[in-house]
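The chain below stands alone and is given as structure tokens, in the form predicted alone.
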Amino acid sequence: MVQTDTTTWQGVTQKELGQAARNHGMQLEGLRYDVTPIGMHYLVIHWDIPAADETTWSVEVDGLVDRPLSLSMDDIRARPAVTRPVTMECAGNGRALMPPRAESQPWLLEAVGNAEWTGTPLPPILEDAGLRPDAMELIFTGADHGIQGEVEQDYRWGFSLADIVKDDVLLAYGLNGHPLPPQHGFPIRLLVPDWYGMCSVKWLRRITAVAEPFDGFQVSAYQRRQEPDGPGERVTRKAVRALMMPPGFSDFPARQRFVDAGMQELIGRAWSGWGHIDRVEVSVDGGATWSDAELGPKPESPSSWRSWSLDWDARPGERELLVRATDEAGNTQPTDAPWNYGGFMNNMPQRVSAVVR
């Protein structure tokens, strides 16, 4: 059943409206583009956008290293540069479709974007710094500072060396051929392609090698828990997901879809943090039956989304369309995603209601 009564099931608060006014999702029309325009790419800012002067900005590499580094932006740009297409998604994407939920950014399905990120790979920097044998994890610290959960803190995220010392991990300073905008981490940010977006620390200031697992606030907060303070499972890689661009046209403000009868082409994108997309299925009868969509070319990188399309013989009446994906690791979107307190990793199939005229 499609939930539509926002006054009775979502309970959006004034605090959440304040977050929604600062942050934004990608309009689903953006699914028509291979590369999401910068202004359409989803955005989350936890606290304030820091003031940043790239002429004085530096990234420190310290902790358990033989040769601590202080890298200016000129130093970083002088290193080998690569550009990679990466689909970035918020771990809370779909949170508002998983009631009851914790008070947070009230995402529906729009917290995603696929951009071309330019930067320099992380591993050679670590080689220059000389990681010591007792280093176990890296902590990445951003310049954004605030209070969350009654804890005053800099934004930080920690990774094991096995998870982060990879050639596709970048210190990124460019987005779609332009310098990073302030809201996306200018002048430099971490980019971890297959993990959810909260791991890609913005306004990067410091990389610290440590000998013990990092248990900072953000890592602790991004856990799938059944109780607010209970044990949880850490949120890491993106779950498999497909989205369709809603067909036809909408009304305002409810955005109910209206479609003319006859042949219609349904299009969309699919992605996963576990490899390439191998299959996309679409249902035009509320999930009673499913048909395989035609997949677009396999992208060079499994970290970039894949296009799909399906010809639909739209017949008059009220219809509910669904889409789901399967990745090369065999992960398929579940009919019902397990509930968790934070509303994380809700990758149930998208549902689109349409009136065919």
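In this text, residue numbers run from 1 along the sequence as written. From a predicted model like this one, the values you see are computed outputs, not experimental measurements.
The same protein has a further form, the form predicted together with a small molecule, not shown here; the description that follows concerns it.
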Does every residue of 241, 322 and 351 put a non-hydrogen atom within 4.5 angstroms of the small molecule in the predicted bound form?
no
Going by heavy atom distances of 4.5 angstroms or less, which of 266, 209, 235, 198 would be at the interface with the small molecule in the predicted bound form?
198
Using a 4.5 Å cut on heavy atoms, which of 153, 83, 183, 220 is close to the small molecule in the predicted bound form?
183
Check residue 203 for me: does it contact the small molecule in the predicted bound form (non-hydrogen atoms, 4.5 angstroms)?
yes
Partner proximity in the predicted bound form: residue 142 to the small molecule, non-hydrogen atom cutoff 4.5 Å:
yes
Would residue 277 count as touching the small molecule in the predicted bound form under a 4.5 Å heavy atom rule?
no
Considering non-hydrogen atoms and a 4.5 Å limit, does the small molecule approach residue 44 in the predicted bound form?
yes
Testing 70-78, 269-277, 164-172, 86-94 against the small molecule in the predicted bound form with a 4.5 Å heavy atom criterion leaves exactly one stretch, namely 86-94
